[in-house]
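The chain below stands alone and is given in structure tokens; this is the form predicted on its own.
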Amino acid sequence: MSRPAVRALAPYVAGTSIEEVRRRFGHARIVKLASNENPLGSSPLALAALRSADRLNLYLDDAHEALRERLGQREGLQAENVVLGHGSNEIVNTIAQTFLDPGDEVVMADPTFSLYRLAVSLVGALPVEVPLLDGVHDIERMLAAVGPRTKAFFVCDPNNPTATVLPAFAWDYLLERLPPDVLLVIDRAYAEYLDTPGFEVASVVLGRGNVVVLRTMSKAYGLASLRFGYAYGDRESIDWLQRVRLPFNVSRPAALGAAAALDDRAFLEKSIALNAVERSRVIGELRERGFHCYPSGANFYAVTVPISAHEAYEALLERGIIVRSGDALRMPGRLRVTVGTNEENDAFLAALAGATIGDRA
């Protein structure tokens, strides 16, 4: 029999796959706007590096010193301030395993990325969830929820699933008031799409300490299947994480692809530019139709629907469009939709109207 903490968990459910929709409906053309993937594909330089991968029969570099040094230098930090992961999701689990004891409390928003709750609960710690305020982290109420048992404080910025961004003054307020003995975990999976950074990573890492900033190459760099994430932090926090992470958790192909993608500035800039134009266009059109969309700082947006989120999700599936139902994300009445290409976004807008959703907004 499994541990009680495991029996109490609801498993993480990923977005619907293209293959599943094809099996159900037989569509020849399917548009997937469910998982916040890069609609332009993957970094060409990363793909070229993967084709040249060799010596896969050997256990090679586990420290990835050179790659960690490169990642650190991007933020004015050192290799000792960087830990790598099998996606940033693995680092979330490693944080829980490293720093949390049963009965510890972890403050987080509601809704936010569901893996935080899962990882915290699995080690017997207690998630303290504070409702968002107009779709944004309510930092004042989150700080009020900090108590003597609080061990960590999670902030997802831009927040998943709402895509909202914490303004700079809120960061200042948080960093001034969060007790120094509380681990601050900042998830910036979508940082490349931000118009303004809100804070400087190096100043927080070096100035505050007791902080871990999560990053990933699954989104803007288009390497979701490669599973490569990393985190910045003060040296002490990163050293503890290095002790707990699994050996060889980052594969050689993942490290090669990530290193090459860092050089692919052209692909990154093209991806960011496309997202900015299409995000503004689609959200603007949805608002003109009467839908409410939170302001988005990511490559997705959260939009209201006048019927249940599940009904809207199913109606779109029937028309070959995959999105995420807010019912599965603790965001009832909304859909989470990835920003796609111009053609993909037009297909979504047409399907929304064809499902008579827009007529009832």
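In this text, residue numbers run from 1 along the sequence as written. On a predicted model such as this, the values are computed, not experimentally measured, just so you know.
One more form of this protein, predicted together with a small molecule, exists but is not displayed; see below.
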So in the predicted complex, is the small molecule close enough to residue 275 to count as touching (4.5 Å, heavy atoms)?
no
Proximity of residue 216 to the small molecule in the predicted complex, heavy atoms at 4.5 Å:
yes
Residue 227 within 4.5 Å of the small molecule in the predicted complex, heavy atoms
yes
So in the predicted complex, does any heavy atom of residue 81 sit within 4.5 Å of the small molecule?
no
In this chain shown alone, the residue from 199, 291, 116, 99 with a heavy atom within 4.5 Å of the small molecule in the predicted complex is 116
Only hit among 106, 261, 211, 156 for heavy atom within 4.5 Å of the small molecule in the predicted complex is 156
Quick check for you: of 233 to 241, 67 to 75, 81 to 89, 248 to 256, which stretch puts a non-hydrogen atom within 4.5 Å of the small molecule in the predicted complex?
81 to 89
